[in-house]
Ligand code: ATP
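Next up: a single chain in structure tokens, the form predicted on its own.
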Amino acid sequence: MTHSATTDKRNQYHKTRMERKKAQIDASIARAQDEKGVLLVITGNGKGKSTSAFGMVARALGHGLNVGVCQFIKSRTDTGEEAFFSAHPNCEWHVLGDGFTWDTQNREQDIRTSRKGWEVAMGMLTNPRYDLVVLDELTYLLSYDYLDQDTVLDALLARPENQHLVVTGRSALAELRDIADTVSEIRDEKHAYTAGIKAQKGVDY
């Protein structure tokens, strides 16, 4: 078989495969006609959970939607994402933590701070004005028992029908995964920090 004939055969095979794939995708799109607020959980040990959530914040703001962000655990207010998004008129941003648990080393303080932060989050989860709500690092408040699991899960489910919600953090509980519409597990294959490279402005914060 000549080179030209081989190329033609490969091109035809590719075209046939893509036609089948398009038919499958079109059929999937046709079936997915429901429109409602979705709950997304971004978990795992890898870098990029919050970054992914903030990408959705940018996307929502680009569509003119109203966004609320609650950052639990974290206490720093010098991040690039906060500086950028908090200046946007359609984005409300709250830093609600005292720092990572290994910094505070005070469980009672962490519980008090978590409960105060949760009150802020509840204000968003019960208000249909917010089209997208991000609860950054909420998973820790559940896995450490800082908040009552049933109370939180019930609130997530009872939010306004068309409100989208993103929850981030490591070790998302099975119960949280179960009620989510989409769950993404980010795996840490390699990280600059383990090679002694400190967090970089504009990349890590």
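For clarity, every value in this text was computed on a predicted model and none was experimentally measured. Don't overthink the numbering: it's just position in the shown sequence, from 1.
The same protein also exists as the form predicted together with adenosine-5'-triphosphate; that form is not shown, yet it is the one meant from here on.
**Q** Of the options K9, K15, K22, H191, which one has a non-hydrogen atom that comes within 4.5 Å of adenosine-5'-triphosphate in the model of the complex?
**A** The residue in contact is H191.
**Q** Although the partner isn't part of this model, could you tell me whether G48 comes within 4.5 Å of adenosine-5'-triphosphate in the model of the complex, counting any heavy atom of the residue?
**A** Yes, G48 lies within 4.5 Å of adenosine-5'-triphosphate in the model of the complex.
**Q** Any of the heavy atoms of H94 lying within 4.5 Å of adenosine-5'-triphosphate in the model of the complex?
**A** No - in the model of the complex, heavy atoms of H94 and adenosine-5'-triphosphate never come within 4.5 Å of each other.
**Q** Looking in the model of the complex, any heavy atom of R159 within 4.5 Å of adenosine-5'-triphosphate?
**A** R159: no, not in contact with adenosine-5'-triphosphate in the model of the complex.
**Q** Is it the case that Y146, even though its partner is missing from this view, gets within 4.5 Å of adenosine-5'-triphosphate in the model of the complex, heavy atoms only?
**A** Contact with adenosine-5'-triphosphate, no.
**Q** Among 151-159, 172-180, 33-41, 50-58, mark the stretch whose residues have heavy atoms within 4.5 Å of adenosine-5'-triphosphate in the model of the complex.
**A** Of the options given, it is 50-58.
**Q** Which residues within 129-149 place at least one heavy atom within 4.5 Å of adenosine-5'-triphosphate in the model of the complex?
**A** Residues within 4.5 Å: E137, Y140.
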